[in-house]
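So here's one chain in two forms, each on its own in structure tokens, numbered structure 1 and structure 2.
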Structure 1
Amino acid sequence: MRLPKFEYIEPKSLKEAVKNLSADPSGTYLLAGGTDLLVNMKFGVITPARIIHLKSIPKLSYIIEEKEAIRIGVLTSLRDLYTSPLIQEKFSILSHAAREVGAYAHQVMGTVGGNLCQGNRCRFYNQSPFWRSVRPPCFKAGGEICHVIKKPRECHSTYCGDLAPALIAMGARVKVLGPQGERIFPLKRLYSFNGKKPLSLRKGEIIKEVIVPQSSGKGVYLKWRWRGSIEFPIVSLALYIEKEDNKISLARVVFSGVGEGPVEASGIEKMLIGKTLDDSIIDSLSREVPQTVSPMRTSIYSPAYKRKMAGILLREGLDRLKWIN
């Protein structure tokens, strides 16, 4: 499978990139590490008229610690992220998540921004033109119907990124630059939960930086897949809690692989508040999980299996955090 033809732009600054992107937002795509975009282009599900290569812009790869937060440049590679002593020490949930992405090649090429903005996935969509020719094109690929739920004009393709759940659990925000200037908003709001257009970025906007607040709590990232490398999460969990007097004062429970965006299990979060983690709490909460997530049959794994594993991951995560103050 070959790349289709496209116009290629190497901007010198983010501003220039925003200008180029705003000129024709629907036909223009940003290229960072390319590990997601180029695959989709070879599959012919994305056919940009124009590509803007962000890596030609200097000074977008950095990790800077400040008093309130750390700032991560959007072009920071996943490998730079997880090899950073600062991240390893203070934000181990992040370094774990980054280390779990794909295989080594993806970690070297792939960027933080690309990871957050990667396309949603579906077994009917992330396939070659030949594969897809067996059925009429689906809604996301420009057709009318969805093969997953057999309804017209709906798409439930699934968000499968590893970083977003960890960052959302840490309360991260993103800084974006657009034609109207900069704005900062919680990362969670980047995701629209619309399978066909999963990101809420406005016309011409580009992510510039991720801001992660300094934290006093503890987190874990647990990714479930069958092999130790390459695969996206079948389901993964980012869990973050803060405690006061051994009682949970803040909890964030975010899943990947089970919805149209990173799924925050706010019901479970609420149930955790004020609790002391003991076996019976852990048991009852983990049993809740399968009912609180509703994955679709967008991968080779069944929704029931994903739900079951989500509960098992929460149990494992809470078990690990049980002893930590």
Structure 2
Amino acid sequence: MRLPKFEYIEPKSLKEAVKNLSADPSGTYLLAGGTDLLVNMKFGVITPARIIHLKSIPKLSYIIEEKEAIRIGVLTSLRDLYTSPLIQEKFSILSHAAREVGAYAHQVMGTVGGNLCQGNRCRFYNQSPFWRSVRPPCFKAGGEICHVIKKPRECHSTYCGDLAPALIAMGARVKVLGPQGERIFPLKRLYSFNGKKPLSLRKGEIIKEVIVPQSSGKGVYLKWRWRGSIEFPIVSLALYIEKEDNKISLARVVFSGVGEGPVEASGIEKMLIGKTLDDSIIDSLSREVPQTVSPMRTSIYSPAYKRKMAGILLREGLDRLKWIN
């Protein structure tokens, strides 16, 4: 499959990239590693008028440790992220999440920013033109109806990223640059929970870096998929806790693959506060998942199946954290 024709732009700075993006945000796409964008372009589900190649911009790939946080540049590759001794030692949950993305080629080419900004997925959308030609275009592809739920002007495409759940669990923030300058906000606010337009970035804004606070907490990232590599998660879980006097003082539980964005299970988080991780607590909380996590209907797997797998992942994650000092 060939790429469609488009105008190609190589800016020399992030400010220049913002200026070009602001001129026509609906017809312009950003290219970093290209592992998501180029496939969608070849499938014809995305047809940009112009492409801005961010890798022509210097000094956007870095991992810098500061007293209060670490800063990760938007063009840092996933491989550089999970092989960093600093990330492996202090942020093992993030190292594991980056290692779980796709296969080795995706990790070498893919970037932190690209993974955070990847599009939502659906069996009726992420397909070749021939496959999609047997039915009218779905709402996400410019049509009127969602083929998952058979309703007009709705989109049940699913967020399936790996990095965002881990970073949200650690309380990460993002710094973005736009026409009005820089702003910093919690990473979880990047996601709009709108399947057709899953990101909440303003006109012309580009992510510059991710800021992860220093902490003494522990976390795990678990991913359920059919194959050991390449696959997006059916369900994945980022679990992070901090303790005081052997009792949990802070807990974050974030799922991927169950909604239109990374889903934080606030009910489970509240139940964890003040608890010690023993077998009875782990059993009780894992049984609560079906009542507190509500996966939306997607194109392949049923909500009931995803609820069951979410409970299994939570049990395994809590059991692992029980043995981590």
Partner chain sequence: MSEFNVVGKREPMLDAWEKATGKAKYTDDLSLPGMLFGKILRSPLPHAKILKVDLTEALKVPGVKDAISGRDIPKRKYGIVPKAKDEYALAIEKVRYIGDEVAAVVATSPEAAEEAISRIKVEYEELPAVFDPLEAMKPGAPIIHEEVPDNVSATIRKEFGNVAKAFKDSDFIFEDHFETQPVNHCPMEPQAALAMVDHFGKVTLWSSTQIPFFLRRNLATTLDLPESKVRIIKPKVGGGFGQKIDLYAKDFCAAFFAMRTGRPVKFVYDREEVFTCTRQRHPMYIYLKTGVKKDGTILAQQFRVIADGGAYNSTAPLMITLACFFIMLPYRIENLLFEGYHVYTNKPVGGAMRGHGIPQVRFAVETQLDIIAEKIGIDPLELRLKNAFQAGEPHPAKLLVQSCGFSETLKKAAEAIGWREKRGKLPFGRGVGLAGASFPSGVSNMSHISSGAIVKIERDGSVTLLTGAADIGQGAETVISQIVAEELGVRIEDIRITAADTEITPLDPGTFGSGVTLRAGNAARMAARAAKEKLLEAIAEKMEVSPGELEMKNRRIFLRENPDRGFSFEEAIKIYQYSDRPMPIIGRGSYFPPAKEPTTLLHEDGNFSPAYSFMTQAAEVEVDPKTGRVRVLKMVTAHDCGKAINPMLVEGQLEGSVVGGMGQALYENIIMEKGQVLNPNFLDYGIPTAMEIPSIESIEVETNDPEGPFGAKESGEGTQLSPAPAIVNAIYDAIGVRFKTLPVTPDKVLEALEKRER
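Here, rigid core means the biggest group of C-alpha atoms that superpose within 1.5 Å across both forms. Everything numeric here is computed off the predicted structure, so don't read it as measured data. All residue numbers here follow the sequence of structure 1, with the first residue given the number 1.
Between the two renderings of this chain, the form predicted together with its partner chain is found in structure 1; structure 2 comes from elsewhere. Residue displacement note: residue 25 has its CA displaced by under 2 Å between structure 1 and structure 2 (rigid core superposed). Taking the rigid core as reference, the CA displacement of residue 303 between structure 1 and structure 2 comes to 2.7 Å.
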